[in-house]
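Before any questions on binding or motion, here is one chain by itself as structure tokens, the form predicted alone.
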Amino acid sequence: MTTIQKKANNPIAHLSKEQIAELGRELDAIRQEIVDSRGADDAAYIRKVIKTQRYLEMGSRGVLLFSIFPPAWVLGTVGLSVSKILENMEIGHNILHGQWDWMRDPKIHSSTWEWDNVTPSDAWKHSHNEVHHTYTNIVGKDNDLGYGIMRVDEDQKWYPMYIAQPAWNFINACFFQYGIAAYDLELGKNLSRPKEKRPADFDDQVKKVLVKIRKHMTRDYVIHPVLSIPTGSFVPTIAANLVANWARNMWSHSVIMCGHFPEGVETFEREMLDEDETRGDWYIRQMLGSANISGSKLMHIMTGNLSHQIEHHLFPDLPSNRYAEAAVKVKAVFDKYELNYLERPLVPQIYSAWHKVVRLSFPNGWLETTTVKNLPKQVGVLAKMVTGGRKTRRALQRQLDDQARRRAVKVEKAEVVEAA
């Protein structure tokens, strides 16, 4: 993958400005149709999900009071994991997007909801709603592209630290809510600055995160385990909470990776913003910069309907239970304008995202030019690029680029001969 503007076969080159404008009007009409039809059934849906999640959490924690017994531990841990996923994905994420603000219910509103996540709602809404959804997949503007710690596009410069990105991506998955908190704070960037150059509210934001961490730790690893002491379930309850939080983190990370990381998702250059981006242009960026997961209704609910990532990015403030309905009409728009609607089942989509993380941990051209025969030599080249200075990396990168180009030409000629 490389930014769409640099592709030899630009997937939107066939569209005129008039067609892009018309595409924008058609998608606006789809959105407005759903906005006009929101009503009691939608409100009943989110209230039912919230009620189900809360009963599931309470019931699971009740079962874990007896988690000294293996069946109770398994049942309580699974139930608590599911309840945490529901709260994080279908409830918290979507309420904070303002999807249910139209209900005018002060208890289910983006301005009042505080979710079960160590990132405070206000900080997350800024980094996610305002930044990510505005600058979706623009290299250098959308920090969700690799969360600032990974290389997920060929046009991102390769540095030696990226060789370890598969490992730290897995670590990030295990502790995902803490990684997101650090990301929202821009922790590395701000801690490297002198105090006087940090945002004025940085210290306050750090304190808010620490307060939430303390509350979560106290609830999951002190209060509920202590309540389990009479049955001898103190340690099993701690273990159950650890597993439930880990499961929620792994699931959330996997679903979110599937939304923008898989092979086939497009990225864009900053210059796109300098060209007076129209509503239609913005829609196209969301359409081609996102990917869906196909599956059952239950799977969609457990992903917070982010399995409909394309529809979510087109219409982030629409009720999540309506994305499946919108998807049918959105697919028709893709077909009409000959655009690629990127959708795969869950496992292939996760594999695709991880494949890209691993592939781009290496310098451009390294994998393409590596064979079993030349592997020792290529490992030596990689070692020099990891340990060498900037000049060494540049020189070796030029060599890899030349080798990759020659190989591509050779493959192309072979295909032509085979076709003839």
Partner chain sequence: MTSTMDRPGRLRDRAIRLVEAATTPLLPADYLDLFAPLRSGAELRGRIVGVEPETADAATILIKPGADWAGHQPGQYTRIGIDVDGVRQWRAYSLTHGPRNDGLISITVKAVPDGVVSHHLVHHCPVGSIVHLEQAAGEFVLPDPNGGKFLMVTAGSGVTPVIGMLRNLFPVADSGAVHLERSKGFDIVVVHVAPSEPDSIFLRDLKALDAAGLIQLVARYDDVHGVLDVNALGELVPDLHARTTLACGPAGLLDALTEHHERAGVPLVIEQFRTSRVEPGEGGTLHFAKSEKELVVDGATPILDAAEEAGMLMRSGCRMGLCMGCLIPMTEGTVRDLRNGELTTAIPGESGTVKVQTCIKAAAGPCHFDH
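In this text the structure is predicted, and so the values were computed from the model without any measurement. Positions refer to the first chain, counted from 1.
Not pictured, yet referred to below: the form predicted in complex with its partner chain.
- At the 4.5 Å threshold, heavy atoms of residue 339 stay clear of its partner chain in the model of the complex, well away from it.
- With a 4.5 Å cutoff on heavy atoms, residue 75 does not count as touching its partner chain in the model of the complex; it lies far away.
- At the 4.5 Å threshold, heavy atoms of residue 47 reach its partner chain in the model of the complex.
- Although the partner is absent here, residue 40 is a contact residue: one of its heavy atoms lies within 4.5 angstroms of its partner chain in the model of the complex.
- Contact annotation: of the candidates 234, 102, 170, 221, the single residue with a non-hydrogen atom within 4.5 angstroms of its partner chain in the model of the complex is 102.
- With the partner left out here, its partner chain still marks one of 184 to 192, 325 to 333, 112 to 120, 292 to 300 in the model of the complex; by a 4.5 Å heavy atom cut-off that stretch is 112 to 120.
- If you take 43 to 79 and check each residue for a heavy atom within 4.5 Å of its partner chain in the model of the complex, you get 43, 47, 51, 54, 55, 57, 58, in sequence order.
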